[in-house]
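Encoded as structure tokens, the following chain is the form predicted on its own, with no partner shown.
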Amino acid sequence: MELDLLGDRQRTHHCGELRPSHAGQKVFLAGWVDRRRDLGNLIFLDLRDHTGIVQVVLNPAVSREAHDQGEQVRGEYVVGVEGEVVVRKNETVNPQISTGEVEIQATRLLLLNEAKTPPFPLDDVARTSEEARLRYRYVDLRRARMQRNLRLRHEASLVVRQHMSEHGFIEIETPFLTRSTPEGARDYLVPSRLRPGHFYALPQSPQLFKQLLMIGGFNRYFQLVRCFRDEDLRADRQPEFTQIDVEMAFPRREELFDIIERLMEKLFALAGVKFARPFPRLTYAEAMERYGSDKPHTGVGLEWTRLELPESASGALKAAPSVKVLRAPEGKHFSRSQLDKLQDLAKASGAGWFSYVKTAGEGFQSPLAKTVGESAVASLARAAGMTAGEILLLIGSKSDGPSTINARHLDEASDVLRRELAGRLRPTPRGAWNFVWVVDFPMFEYDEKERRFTAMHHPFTSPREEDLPKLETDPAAVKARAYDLVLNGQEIGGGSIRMHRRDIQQRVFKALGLTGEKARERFGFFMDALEYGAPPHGGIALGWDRIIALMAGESNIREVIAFPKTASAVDLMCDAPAIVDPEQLDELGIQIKKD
């Protein structure tokens, strides 16, 4: 096939722009052939570009040359079209597309490039595997859904930059090549050729750099920044991701909250979403007690409460150090097998035991009746405020083992059961948006494997001032000046007021088991900076990919990233990670260890 050259021709219009007001105009369009229909005497092409689709008519009575060229065209060929905009007859109007009232009578058709048959239909992704879509991502990106998602992402980034600038923040780029910080997730390491045996690390976040910018006197900073974490992946995780990074000097938490809430208001307006401000606040302790999670979906209700046990309680019920109950108003239709599944979920998640109470006519039914009696079951039900048609779930912690671990497992079981119930009884309706700030997190959590305290957020989070005396005596009781922003059960942001004093930072490192030597080795440059007039400062990092996915109505962040990795961190399109030449490894002084 002989191809044409574009030459110095320029598009006069884009495909999706044409309307009846353009009738009679001579135009030159270019794009991809979305569909070709040959009716013998007439050939119709649906021409597509990033703005939409317009119909092109190849009529031999208008141009025999264009019609003959059209005989060679197939789907996804790249073509240029010269012609006149004409208004369609009423009976041929296509209301499914924005240009459905007009068409182009072609006088010339340029074949700019041919195309192999696409590996999957671009209008039917439901039947296409994600593996195929990622392997041929450059084809997948042509679909209207991906075009829409990435344009939404672009528009949203403009909103972020405008909003932050209006509030006195300036965008500053921070380095991608930095040093490893093992106190978080696994780093991606980058070997140094000029310093053999030494490594850079790709940043998990710009945390230290944004704090250094506050010490540098920039007052308010933000950045749409790429970050990297070598960790196990899920639908809402990628090895490289983007966040809105924010930091401000002399902060008031409520002022920061207001700035971020107003930003969310502007962003979600792009998706036609409105919600009330200010967002509700929950302490970490309240969130765990009521929902079993520090990222609760508050919109589905279904809250756990503590219930005082009847005096007649016995066996596992009596032995459980802690018992939580949840009323499910729509639970009367749960079958025995479904309740058995809930019991399996509860125990697999760490609960010591599980039971339930169902309403039955004027009374109540429960397996507990065999051990505590029907009157005690009725007392439990009335104490919980049960009404007809409801089911009451009860879970208890284990009676043996460390109490802190048992309490954590009980919270995990509470969360798992609540999510299962919400999925069955109250799936989140589209258009429901439930923001909540979770505040007053514990400063530390105990790692049984390492037998030491670790930072629940990160080691630069400031403890509450009233808890400073407990750093050495009772670290588990120290609360942090940390906060998370949660939307529909997903954490979309996390931040804190930071430590700006070296003496407090050293005490926190000590509580984390970082000796003076280790702390100096990893964070010496930062500790030195704190001695040069570091102001009080704080900020937040917002998960940009998650936010865009929620705005676009997508359940997987890969749908709003141009070139994502698979769940196993593989780039199918580029076939990465890949083996490199031995010469490259030799130059870096690296040898591959083989099992």
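Numbering starts at 1 and runs along the sequence shown. What you see is a predicted model, and the numbers here were worked out from it, not measured in a lab.
One more form of this protein should be noted, the form predicted in complex with a small molecule, which is absent from this view; the next part is about it.
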Closest heavy atom of Ser496 to the small molecule in the model of the complex, within 4.5 Å or not? yes
Ser205 versus the small molecule, in the model of the complex: is there a non-hydrogen atom within 4.5 Å? yes
Indicate whether Arg153 is a 4.5 Å heavy atom neighbour of the small molecule in the model of the complex. no
According to a 4.5 angstroms non-hydrogen atom cut-off, is Leu29 in contact with the small molecule in the model of the complex? no
Of Ser462, Asn406, Thr99, Gln243, the one that lies within 4.5 Å of the small molecule in the model of the complex (heavy atoms): Gln243
Just to be sure I understand the contacts: of Ile540, Ala549, Leu530, Ile43, which is the one whose heavy atoms reach within 4.5 angstroms of the small molecule in the model of the complex? Ile540
Tell me which stretch of 66-74, 540-548, 31-39, 50-58 has a heavy atom within 4.5 angstroms of the small molecule in the model of the complex. 540-548
